[in-house]
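Read the single chain below, which is given as structure tokens and is the form predicted alone.
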């Protein structure tokens, strides 16, 4: 079994970056100066984590949340109002669907994020690292969307179009840039999928285990969904909120799975015991080809200093697991 470590989603902003955002919003910071700040602060923060991680993201420094500004790249969608992101003290702006959705031919916000990743990749601190680009999954996008058009009579149609017209073109686009798509799908849940058939939605998703990583967290996922998806893609599971998944591995592991194990709690400042966590993960050792050790969800919920400690912890767990 091979073991890797990964950052998932975003990373807490530095104070200097937060100050730059406020100055930009007030018109006191120009475009070029703001970009220089983004590059400097992203490098400064993620270079510390890169020592401990095999997979990185852009830290989502150019994003307000998992939906924004990504939805600017989708025709037929505009930014909505603030809503709570599940049961966290964290808010997102929901997508307002005004017409048929489709990825824009020139996705400018995605291009800007890719531009940032390219800059990072040239720095010695990031040599040999793989980068993932976090985006919302079809069920989560649909779950948070407000539909104000007759083009979609139900959520199933919206989720299907999101896969066909947004995600699939984006996967091809990003794969051509040498990146992996990190699909955040907390709404892949036994209680939230509602009238949307996850199997029908995901049956049309392109990609494979190397190019598509689907990350599920917070909620209890359907075991048959995990089994089906882990046969085709890399699947991330939240073993903090759902520790019982380790008790019935045969019920949800697909064929030759690549599993991202979310074992470090990103919503708690307490540091897990690396030895005990590694012992738990050894139950996966003869069941999977590859395991990616990560936090259970994005580290944005934590203070920056704690988030750095959590990434160092991932490396300690990996070292104990592969001994």
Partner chain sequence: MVDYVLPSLPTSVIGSYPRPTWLRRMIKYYRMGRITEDAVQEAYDDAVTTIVREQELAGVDIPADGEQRRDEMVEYFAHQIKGFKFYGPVRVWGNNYFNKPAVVAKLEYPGPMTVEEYLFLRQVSTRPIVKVTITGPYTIADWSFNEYYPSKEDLVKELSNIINQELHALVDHGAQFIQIDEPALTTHPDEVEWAVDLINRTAKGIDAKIGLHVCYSNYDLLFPYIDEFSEISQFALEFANRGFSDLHKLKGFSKELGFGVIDVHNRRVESPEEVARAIRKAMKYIEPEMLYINPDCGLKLQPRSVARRKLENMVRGVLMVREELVKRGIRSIPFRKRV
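Residue numbers count along the first chain shown, from 1. As the structure is a prediction and not an experimental result, all values here were calculated from the model.
What follows is about the form predicted together with the partner chain, which we do not show.
Colleague: Counting only non-hydrogen atoms and a 4.5 Å threshold, tell me whether 130, 200 and 256 all contact the partner chain in the model of the complex.
Modeller: So, no: the whole triplet misses the partner chain.
Colleague: What stretch, of 178-186, 147-155, 76-84, 245-253, brings heavy atoms to within 4.5 Å of the partner chain in the model of the complex?
Modeller: Going through the listed ranges, the match is 76-84.
Colleague: Only one of 29, 290, 63, 284 comes within 4.5 Å of the partner chain in the model of the complex by heavy atoms, so just point that one out.
Modeller: Contact residue from the list: 63.
Colleague: Although the partner isn't part of this model, could you tell me whether residue 308 comes within 4.5 Å of the partner chain in the model of the complex, counting any heavy atom of the residue?
Modeller: Close contact is absent here: in the model of the complex, residue 308 is far from the partner chain, nothing within 4.5 Å, heavy atoms only.
Colleague: Indicate whether residue 124 is a 4.5 Å heavy atom neighbour of the partner chain in the model of the complex.
Modeller: Contact check for residue 124: no, nothing within 4.5 Å of the partner chain in the model of the complex.
Colleague: For residue 267, is any heavy atom within 4.5 Å of the partner chain in the model of the complex, or not?
Modeller: Yes, residue 267 sits close enough to the partner chain in the model of the complex that at least one of its heavy atoms falls within 4.5 Å.
Colleague: Would you check, heavy atoms only and a 4.5 Å threshold, whether residue 13 touches the partner chain in the model of the complex?
Modeller: Residue 13 belongs to the contact set for the partner chain.
Colleague: Which residues in 96-113 have a heavy atom within 4.5 Å of the partner chain in the model of the complex?
Modeller: Contacting residues: none.
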